[in-house]
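Below, in structure tokens: the form predicted alone, a single chain.
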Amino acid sequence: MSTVTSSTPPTPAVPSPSPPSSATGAPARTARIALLRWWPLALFGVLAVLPYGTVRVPGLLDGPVGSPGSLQLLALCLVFGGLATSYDLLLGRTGLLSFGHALYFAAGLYFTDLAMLEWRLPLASAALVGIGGAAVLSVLLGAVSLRVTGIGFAMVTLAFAQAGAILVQRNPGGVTGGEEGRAAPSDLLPGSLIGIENTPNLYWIALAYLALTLAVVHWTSSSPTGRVWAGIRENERRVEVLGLRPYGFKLVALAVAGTLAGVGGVVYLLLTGGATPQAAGSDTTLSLLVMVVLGGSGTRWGPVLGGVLYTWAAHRLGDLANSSAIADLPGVLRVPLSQPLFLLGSLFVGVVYLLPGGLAKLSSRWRPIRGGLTA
């Protein structure tokens, strides 16, 4: 007897749904990474062509972005953005609270001016004297200041800054010009840097200074020395336990930051056409401190944002304080609002209160809110 075995044809396997392959998101991630990598170059490209712009930005600038007055203000914003970045190399990268950073800025400014006035050096040679003088001064004063740490270091740098400001104002030998300052000799300046028609050239120099400062700070902070700076900021004692000497690394940070500030002094001299004692005052360093905190200490772009915003506000709020709109207010409002420092202080307190960590943290705070809105 035979047995017939019946069999059903096999059921074809149905593939189970699987999550989308990560490869599908790879092009998008690659595009985002490329955008993050190249957007600074795109931004600087846009800034470089602003002198050719005719767009008006009411409330922000008095005239078109390419007008001499607007370019002058924008150039000052770029310079102080670079100065704030150089100061953050000390405060945000190394953890050094210095009140003497303006002294190196003033050294580059005055040494360059005096080299042209007294020694009749051309601009290029005088600029080397100014930058070199700022570098040497930062090393000498840093070697003394770093013998103490913490608040003692801050107080020693403040004492040096005050001494430098008094020296400039007392006008020893008639070389600094006292409270009036001294104008740069126009006969030793290139013709391409004199006159309002050449304001775009000064703007490009200021932009180049900002790019140089950002590049140097980023490169040094990413180097092995920069990693030691980060260790000193977090725990200096631990760096000593590892067998490293924090003193030498902190002195290098002071020298780099002071040299960059000296370069800024040279650019500032070209923009303003002279050297004034306000550049050497401790108020300038305090302004740099506010810029860094306002933008975000220890971040790549925060000090730039803080420096640009603070400098712009210092000029524009001064115009607002003297405007007829403020003059027509009742006395209880007119008196405080007619003081630019009051307006700046209110702006600073508002940003610090609403944005702890500075403007650089704005994107990270906006991301969760944007995610909740799109969910």
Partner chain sequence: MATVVLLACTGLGLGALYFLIASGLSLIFGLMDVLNLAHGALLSVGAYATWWGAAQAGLNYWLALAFGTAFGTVAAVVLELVLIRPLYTRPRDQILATVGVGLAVPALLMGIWGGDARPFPQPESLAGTVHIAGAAVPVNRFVLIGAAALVLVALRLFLARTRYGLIVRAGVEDRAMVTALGVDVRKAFTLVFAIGGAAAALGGGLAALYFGSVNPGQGANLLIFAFVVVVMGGMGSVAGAAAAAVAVGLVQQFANYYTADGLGDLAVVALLAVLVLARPRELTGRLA
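This one's a predicted model, so the numbers in the text were calculated from it and none came from an experiment. Positions refer to the first chain, counted from 1.
FYI, the form predicted in complex with the partner chain isn't displayed, but the following is about it.
Participant: Does each of Pro64, Ala313 and Leu359 have at least one heavy atom within 4.5 Å of the partner chain in the predicted complex?
Facilitator: Not one of the three qualifies.
Participant: Report whether the minimum heavy atom distance between Phe160 and the partner chain in the predicted complex is within 4.5 Å.
Facilitator: Phe160 belongs to the contact set for the partner chain.
Participant: Heavy atom to heavy atom, is Leu188 within 4.5 Å of the partner chain in the predicted complex?
Facilitator: Flag for Leu188 set to no.
Participant: Thr149 near the partner chain in the predicted complex, any heavy atom under 4.5 Å?
Facilitator: Within the cut-off, so yes.
Participant: According to a 4.5 angstroms non-hydrogen atom cut-off, is Ala135 in contact with the partner chain in the predicted complex?
Facilitator: Result no; Ala135 lies far from the partner chain in the predicted complex.
Participant: Looking at Leu242, Val175, Leu97, Ala215, which is the one with a non-hydrogen atom within 4.5 Å of the partner chain in the predicted complex?
Facilitator: Contact with the partner chain in the predicted complex is made by Leu97 alone.
Participant: Check each of Val156, Ala230, Ala183, Val129 and return the one that places a heavy atom within 4.5 angstroms of the partner chain in the predicted complex.
Facilitator: After the contact test, the surviving option is Val156.
Participant: Using a 4.5 Å heavy atom cut-off, which of 107-115, 67-75, 160-168, 175-183 contacts the partner chain in the predicted complex?
Facilitator: Looking at the partner contacts, the answer comes out as 160-168.
Participant: Distance change of 3 Å or more between the C-alpha atoms of Tyr353 and Val57 in the predicted complex: closer or farther compared with this structure?
Facilitator: Between the C-alphas of Val57 and Tyr353, the gap widens in the predicted complex (3 Å or more compared with this form).
Participant: Closer or farther: how do the Cα atoms of Gly350 and Val57 compare in the predicted complex relative to this form, given a change of at least 3 Å?
Facilitator: It is farther: in the predicted complex, the C-alpha atoms of Gly350 and Val57 lie at least 3 Å more apart than they do here.
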